[in-house]
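First, one chain by itself in structure tokens, the form predicted on its own.
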Amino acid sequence: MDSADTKPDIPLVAMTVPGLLLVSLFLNHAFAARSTILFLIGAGLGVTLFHASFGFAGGWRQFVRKQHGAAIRAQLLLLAGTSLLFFPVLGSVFPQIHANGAFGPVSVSVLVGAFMFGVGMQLGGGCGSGTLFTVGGGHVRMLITLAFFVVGTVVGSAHLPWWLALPNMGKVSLIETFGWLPALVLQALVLGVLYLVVARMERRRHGRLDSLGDAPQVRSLGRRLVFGPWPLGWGIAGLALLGLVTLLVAGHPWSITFAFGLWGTKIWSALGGDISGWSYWSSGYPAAALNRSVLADTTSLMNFGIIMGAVLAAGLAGRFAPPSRLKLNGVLTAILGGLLLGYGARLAFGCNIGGMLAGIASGSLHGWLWLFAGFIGTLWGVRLRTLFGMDPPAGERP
């Protein structure tokens, strides 16, 4: 059935809207208005991700296999737009605003971790944000990926000190090195060159560029906004603006995977697991987060919001829980992919959102290292998908 003919899932919407309201009221009562706002920002991100189908794993795979570059061009525009919004704030143009960027070391751990993540998101079928919004959309296989994503992040946090002892240049800020405006111009030039390279390869293969402004159906503006689908251009604008709001409200960029490690470590500890020797959870914010409710953690709040927002969007679009059959190789690759996603994200100081998008938009050099290593990992992940029978060999129709 064409998406234009689908009907909203009224019972699901009728459950989700009050659910969002009740959670918001509880957070406002038990914590503070800030918690409610962060949860609702997450819900907005979930709606945006689902309606725009804005993921990284599928877009990278389509470019590697068939040179369809619309998704990657959209991601480059998102990086440019978010950088434009972030750099003046992080460069202290507005001294009354106190916010910190996402900075990680330029290190072997980031190089290896992002490579593993690139492989994992192809086998697991989603990136950090993609896993959350597809789980919200009712995809059963992605629940498996998410579960082992959590496991991999916990194991990675236990092993992180060993990885950090390997060659490490420390944190490098382009804003501190060049000043926010020269750094922004430099970053825009690099992103522009990458955009032109992707566009040239796409045009050479297909003779044209896929539009970022067209949606798969024609609806009035209001109906499209509520029921979807959204063109990629709307997704870019929504994610960039909500990313800025996150920076201003939370005091740091949008991130995802810290929460997975927190959830998994809390579960492991509750089951009697010994975490006393895990230095990652023994001091600073991780230790504080471990000793209080997950609802006091910004990343967890936003992740729950993303899932509920995606449930709402899927209900409005009439696309919740698409029919699918789980096959053995699908289960096994979801497990392996999830483990690689989690372990790699912990080593790389975040996933495609907290490590790459937030890192690059903060002017951190480690974000660029993440982008390079993650894409190399994707090249290998695409090959492994063919080997495991997830995709036909290149050149064959699915």
Partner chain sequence: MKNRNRWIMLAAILLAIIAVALDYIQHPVVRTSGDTLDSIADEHEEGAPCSMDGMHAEEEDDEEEL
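Positions refer to the first chain, counted from 1. All figures in this text were calculated on a predicted structure; none of them were measured in a lab.
Another form exists, predicted in complex with the partner chain; not displayed. Remarks below refer to it.
Shown without its partner, this chain lists Trp60, Phe50, Phe39, Phe349 as candidates; in the model of the complex, only Phe349 has a non-hydrogen atom within 4.5 angstroms of the partner chain. Checking Phe148, Trp230, Tyr280, Phe87 for any heavy atom within 4.5 Å of the partner chain in the model of the complex turns up a single hit: Tyr280. Across the options 369-377, 66-74, 29-37, 51-59, residues that bring heavy atoms within 4.5 Å of the partner chain in the model of the complex belong to 29-37.
Not displayed here, the partner chain is approached by Ala288 to within 4.5 Å at the level of heavy atoms in the model of the complex.
Interface membership of Leu225, defined by any non-hydrogen atom within 4.5 Å of the partner chain in the model of the complex, is ruled out. The partner chain in the model of the complex is approached by His252, whose closest heavy atom lies within 4.5 angstroms of it. Interface membership of Gly192, defined by any non-hydrogen atom within 4.5 Å of the partner chain in the model of the complex, is ruled out. Residues Leu12, Gly284 and Phe304 are all found to lie within 4.5 Å of the partner chain in the model of the complex, as judged by heavy atom distances. Heavy atoms closer than or equal to 4.5 Å to the partner chain in the model of the complex belong, across 125-160, to the residues Val135, Gly138, His139, Val140, Leu143, Leu160, ordered by sequence position.
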